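Okay, so here's just one chain, in structure tokens, the form predicted alone.
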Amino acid sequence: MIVKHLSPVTGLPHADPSNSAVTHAASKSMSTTTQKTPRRGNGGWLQVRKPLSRKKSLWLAQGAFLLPLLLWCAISYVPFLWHPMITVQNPGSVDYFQPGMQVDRAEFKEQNQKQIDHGGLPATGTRENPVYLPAPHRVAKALVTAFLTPPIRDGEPWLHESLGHSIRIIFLGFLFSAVLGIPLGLLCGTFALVSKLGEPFVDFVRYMPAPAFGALSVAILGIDDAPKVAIIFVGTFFQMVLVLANTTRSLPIPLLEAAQTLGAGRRQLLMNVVVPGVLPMLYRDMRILLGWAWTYLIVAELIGASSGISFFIYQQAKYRNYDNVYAAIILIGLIGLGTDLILKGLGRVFFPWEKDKG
């Protein structure tokens, strides 16, 4: 039996909290509520805005490279997947077939049928992929032999010389872009006057393809490395200004207001609040923009006198050494990825409080 008492406030009867039946009912109700509360995922792979464990991140990073490699291996080594060509081993009675010649499978079959119909000797061969898709083991070998094989023609640069030249072009073009773009981006993001005066024109020019300035660059700067550096500059400078300006605007306004209440002027706000506040984000932006500079490299190096890794790629393609072509392209990716990883590591040293943000 539940014992009821009068409430000293309302004068209405209420249950005695010390009663065992009430306590049991309340406990049961709380238990039911606890059981109905959905459990949060722990250790799942698809959690919204939640970082993965170090082990999972490592597995995914390896898979990002292994999956394309496995697909490449499957296309290269499993005959029934693709292999649209036939490499002739014995030409038989076919007049224009030569040993080592690649022929389309349909044409190979048609010529053999003609020879069989006329009593000739059919050709034999093995199924292969086109010459422009070498197998992974050939490209892996070329990553070593391309450095050791001398140029086909005298006076042409070695592979390491071509890579060094390309790195120099990227460095100079991005350096000039950063020297002008970083201050202008900070000013546009901080002062509305500079933003309204400069950003419309910058926004207009950024839609113009950088290679469109190639002819002007050669006419003004000559045919050596200067026009190549100019293309890298044009391809990154205007994007850099807008990206850095938007990043600067992301600084919380209360930080500026707090500094102003302490008597900070415009110069102090810029140098002591804005720059330190957005510097880690600017650093990440510059890492991304450096990748953009590499994407303009091939076009830039074909302007004026051909040189650098782009010249090496086109020369090897002309001689149908596609294993060297793939090797050079992979080297560009490795250099870019290695540079980004080094910069990422330095960023963790410079900004240790930002280490979880990449």
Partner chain sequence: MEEALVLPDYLDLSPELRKRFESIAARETILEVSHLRKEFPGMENRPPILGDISFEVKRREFICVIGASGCGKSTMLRMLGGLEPCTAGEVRVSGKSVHGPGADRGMVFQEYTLFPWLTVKKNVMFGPRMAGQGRDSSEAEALQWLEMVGLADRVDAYPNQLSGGMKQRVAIARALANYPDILLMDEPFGALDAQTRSQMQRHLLQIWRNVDVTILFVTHDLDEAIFLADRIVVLGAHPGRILEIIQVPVDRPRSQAQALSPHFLAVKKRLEQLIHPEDPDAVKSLPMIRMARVGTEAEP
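Just so it is clear, the structure is predicted and the values come from calculations on it, not from any experiment. Numbering follows the first chain given and starts at 1.
This protein has a second form, the form predicted in complex with its partner chain, left out of what is shown; the following refers to that one.
S.K.: Should A192 be classed as touching its partner chain in the model of the complex when contacts are defined as heavy atoms within 4.5 Å?
M.R.: No, no contact at 4.5 Å.
S.K.: Are any of the heavy atoms in S93 no more than 4.5 Å from a heavy atom of its partner chain in the model of the complex?
M.R.: Contact check for S93: no, nothing within 4.5 Å of its partner chain in the model of the complex.
S.K.: My question is simply whether D224 lines the interface with its partner chain in the model of the complex - judged by any non-hydrogen atom within 4.5 Å.
M.R.: Outside the cut-off, so no.
S.K.: Check whether E257 has any heavy atom within 4.5 Å of a heavy atom of its partner chain in the model of the complex, and answer yes or no.
M.R.: Contact with its partner chain, yes.
S.K.: At 4.5 Å between heavy atoms, only one of the stretches 236-244, 96-104, 271-279, 124-132 reaches its partner chain in the model of the complex; which one is it?
M.R.: Comparing against its partner chain in the model of the complex, the contact stretch is 271-279.
S.K.: Identify which of L180, V218, L143, A264 has a heavy atom within 4.5 Å of its partner chain in the model of the complex; exactly one of them does.
M.R.: Selected option: A264.
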